[in-house]
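In the form predicted on its own, a lone chain appears below as structure tokens.
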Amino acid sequence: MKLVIFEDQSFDNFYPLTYLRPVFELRCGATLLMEKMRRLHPGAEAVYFMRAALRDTFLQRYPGARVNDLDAIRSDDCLFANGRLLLAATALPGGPSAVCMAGDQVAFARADKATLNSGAAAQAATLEDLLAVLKGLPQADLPADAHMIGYPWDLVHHNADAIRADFAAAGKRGVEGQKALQAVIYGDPERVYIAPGAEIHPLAVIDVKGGPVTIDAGAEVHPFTRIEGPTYIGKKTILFGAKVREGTSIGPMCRIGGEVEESIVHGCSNKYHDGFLGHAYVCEWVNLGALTTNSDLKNDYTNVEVYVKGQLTDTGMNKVGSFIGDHTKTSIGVLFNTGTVVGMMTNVVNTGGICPKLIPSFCLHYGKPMKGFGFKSMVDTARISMSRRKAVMTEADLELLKYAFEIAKPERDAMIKKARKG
């Protein structure tokens, strides 16, 4: 059987998080959305469908993956899974050919080889055409513990439960790394997994009374750090006297200090110093300067609105923080308002006040958006940032950055023009 994981047309609801990655490569819990799908469907060969511009960099991360290959799915029975599906502990149901709809989008579909190679399905020239045909199949239902993610804040909202599900699925418990005698596990030690190569220094506290905690391979937890479960700390991440509250996922190779609550840090990003990050999603290669802080609760406790495709959208939630794109940097003392969207590769400088709720990509933001020092300078900074993790920007990476620069151009230019007039 083939497991066909695909993006639908809602990927831009997740900008700036999805400029450089398909939606199914977003993190929720300890793993990426696509990793949960593959875990729950072992033995199925994965075939991925995404925007053409993402293909080369995706293949860098997953050499040998089948990408945008329509012919590959006609030779076998297929299970089609929308990349926005958040699966917990239940696989998508088997059985005869059927489809599950989420609004006007396919959530998942089962189609046997005969269905895929007959009638209108056999004539489909694109995956979109094929999915349109599959919409006519008998109806199926999502598992009760599955969710269709519609916006970035949904990932944060479901993160704590996803951490619990990932911990249970991994089935690993106990201390395989190093834990100093003066470090404390507060609660049931069966709710902790400290992986080989991880090191817990003296005077660190891992509180699992609210949920499980995983400290992955090669991670370091320095003195005076407190971690509250459910939490996942990724490989080779270092915590420097951090206060990590419940519902937090931190990806690989991050440097984290200060207070973090119910947030997702995708990977390879820094929040080294004091400052609060709450109910937020931070992409890769981000550096948050000392005392950078986001609000995640309005003073009147009403629902938070977030900009999606240029329009303020009611999240239906009263706790929503920031969504920060790849390669963005902040200076010391930057203050983000509740529900702020910060584009990718932007340099945000403190001016003493609270930043606006929408900051465009690829700019200098000094009280208002400006063109800054240009694309080449931004790329040079990104190369330096990546080299600090011994990573190299490839030609494919550069081409994708150029693509994202052009995609973000209309919004950026409009906001800069408006700021000049103001």
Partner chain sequence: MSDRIKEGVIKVVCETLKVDEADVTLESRFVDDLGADSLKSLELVAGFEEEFDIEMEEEAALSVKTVGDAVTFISKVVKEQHG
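Numbering follows the first chain given and starts at 1. Keep in mind that what you see is a predicted model, and the values were worked out from it rather than measured.
Although not depicted, the form predicted in complex with its partner chain is the subject of the following passage.
Asker: Between its partner chain and V349, L364 and F373, in the predicted complex, does every residue show a non-hydrogen atom at 4.5 Å or closer?
Answerer: Heavy-atom distance to its partner chain in the predicted complex: all three under 4.5 Å.
Asker: Please pick, from Q60, T394, S387, S377, the one residue with any non-hydrogen atom lying within 4.5 angstroms of its partner chain in the predicted complex.
Answerer: Result of the distance check: S377.
Asker: The chain here is shown without its partner chain. Which stretch in 19-27, 396-404, 6-14, 409-417 comes within 4.5 angstroms of it in the predicted complex, by heavy atom distance?
Answerer: Comparing against its partner chain in the predicted complex, the contact stretch is 409-417.
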